[in-house]
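Next up: just one chain, as structure tokens, the form predicted alone.
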């Protein structure tokens, strides 16, 4: 199977996240993912985009997010690029979910959720461009063992 690439660019505003979820759903369904994996992708990509909008761009809606889907024979990868403040994964500490739940604190789970739902999550920065890559391997998440 040849690699396929699909792209979407949105303004840095949460009101465009529904467009992103539909874009991801279209391509994960076309790739043959089962319903659970399609929903996991939608949640993980939504969390990644929300983190960029809230943290990298501090909620300013005058920037762009570039979303690229890459479908390879063995994996499905979503790349989300921004030019905001870079996330530093080495400085990230996993939240104590039970403690946060006791305090009824909302938010702060995005990275944890992405890591739980995806097979691989990778952050990188090159110059002013930051990228998070969310990957699932096809063999264990497709319909009918395809």
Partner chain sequence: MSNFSVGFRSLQSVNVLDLKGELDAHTASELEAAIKKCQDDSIYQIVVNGANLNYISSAGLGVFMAYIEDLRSKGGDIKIAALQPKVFNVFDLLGFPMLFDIVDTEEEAIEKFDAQQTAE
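Think of the rigid core as the biggest set of C-alphas that the two forms share within 1.5 Å after superposition. Numbering follows the first chain given and starts at 1. The structure displayed is predicted, hence computed values, not measured ones.
Not on display, but discussed next: the form predicted together with the partner chain.
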> Contact between residue 87 and the partner chain in the predicted complex at 4.5 Å, heavy atoms?
Replying inline: no
> Does residue 55 reach the partner chain in the predicted complex if we count a contact as any heavy atom within 4.5 Å?
Replying inline: no
> Contact between residue 34 and the partner chain in the predicted complex at 4.5 Å, heavy atoms?
Replying inline: no
>> So in the predicted complex, is the partner chain close enough to residue 119 to count as touching (4.5 Å, heavy atoms)?
In response: no
> Does every residue of 7, 67 and 74 put a non-hydrogen atom within 4.5 angstroms of the partner chain in the predicted complex?
Replying inline: no
> Out of 75-83, 42-50, 26-34, 57-65, where are the residues with a heavy atom within 4.5 Å of the partner chain in the predicted complex?
Replying inline: 42-50
>> How about residue 99 - superposed on the rigid core, does its CA move between the shown form and the other one by 2 Å or more?
In response: yes
